[in-house]
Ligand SMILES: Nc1ncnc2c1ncn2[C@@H]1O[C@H](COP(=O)(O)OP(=O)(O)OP(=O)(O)O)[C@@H](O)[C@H]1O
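Taking the form predicted alone, here's one chain by itself in structure tokens.
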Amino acid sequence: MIEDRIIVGIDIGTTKICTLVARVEDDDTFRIMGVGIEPSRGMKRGVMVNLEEAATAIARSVEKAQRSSGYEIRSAWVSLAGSHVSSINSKGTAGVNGGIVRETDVHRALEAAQSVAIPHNREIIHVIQRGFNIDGQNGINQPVGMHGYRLEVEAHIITAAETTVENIRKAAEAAGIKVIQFVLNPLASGEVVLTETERQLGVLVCDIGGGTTDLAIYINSDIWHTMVISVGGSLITSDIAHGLRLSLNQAEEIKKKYGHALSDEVGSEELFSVRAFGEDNPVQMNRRDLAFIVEARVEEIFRFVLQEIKRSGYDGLMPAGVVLTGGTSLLPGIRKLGADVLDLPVRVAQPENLYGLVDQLYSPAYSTSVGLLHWALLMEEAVEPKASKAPPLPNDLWEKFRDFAKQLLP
């Protein structure tokens, strides 16, 4: 919630729930006042499978953040992922009253863009403007105040399954939290891991979490395509558990400690000890055998990513390559394997320039968590724009636009 320059974000993931309470400083940097990290329950690949367990885990995460911040949390910005998420591109047109583009004209054009047929069981999560056209002139980023008579907007519309969204909302409410707005994971992550040059040239954000791999393509500083693939690091853990006959908890620990995404970079003499099922004492296992298991699944994830890039039609428009983030991107060798499969430059990124209780947050695993704070701040700026050359809106129209803008993303 944005109140007295305080923002709360809750990242509800498949493996963890992270609640952050931050104060916005005068220079628009964040000071993290409270952190609540709790193992996730009741979630599978971004979809809720047990509402009661999920609500309990959210409540515990919120409680930890409240204790460390001294701030009572009643509402928050909440992350969203899962294969139920989809997106389409649309155009909307509006006539310009008076020959000068005003916020209300942008409002009407965006409303027109939403007139596309959307199934009744889906909910619009984001309507993101990609660019404007005034009287045939393309490439306009900010049309307010410009002269013209016909305004056209290109919009990227992201929808999600209504039942899934409602279940997550109910779980948050059961934990005492009102959802201000849901934010798609890769959009939140993109706010903290991308440079402006990468956004302008063309880049893919690839957030590989525990249950899903979340993608967002940026071109000319705008979002052109988004997608959520229902594979992630938890499948690697499951493969290790089956291949080495271990419990899931053991497999997760071994993945983090000894895992490697490139078997060729692991020496055949490297060993580690583990107690497998049916063994009375710890046994020695070859780390290269573990790497073979990890490499096969990580390569499959990147094959899915490559397939989605090609399906989008923008595969030749990303010279800045791929920015990897999310907890699974911590695997050694994953950057090189990604570059080989995708045939694109790849780098691994994490949140930077944080202040306060930030020791745990300097990790790719928390890019979405921190990104929620940045996205909320962008929304604050969207509904409270700085002065422009456009004539001021009458108070009643301004209030209507503020209400509408709260449902959109810039």
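All residue numbers are counted from 1 along the displayed sequence. What you are looking at is a predicted structure, and each value in this text was computed from that prediction instead of being measured.
Keep in mind the form predicted in complex with this ligand is missing from the figure; the text below concerns it.
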Should the three residues 16, 233 and 330 be counted as contacting this ligand in the predicted bound form, with contact defined as a heavy atom within 4.5 Å for each?
yes
Heavy atoms within 4.5 Å of this ligand in the predicted bound form: which of the stretches 106-114, 315-323, 247-255, 163-171 has them?
247-255
May I ask you to state whether residue 365 is within 4.5 Å of this ligand in the predicted bound form, using heavy atom distances?
yes
Does residue 212 make contact with this ligand in the predicted bound form, using a 4.5 Å heavy atom cut-off?
yes
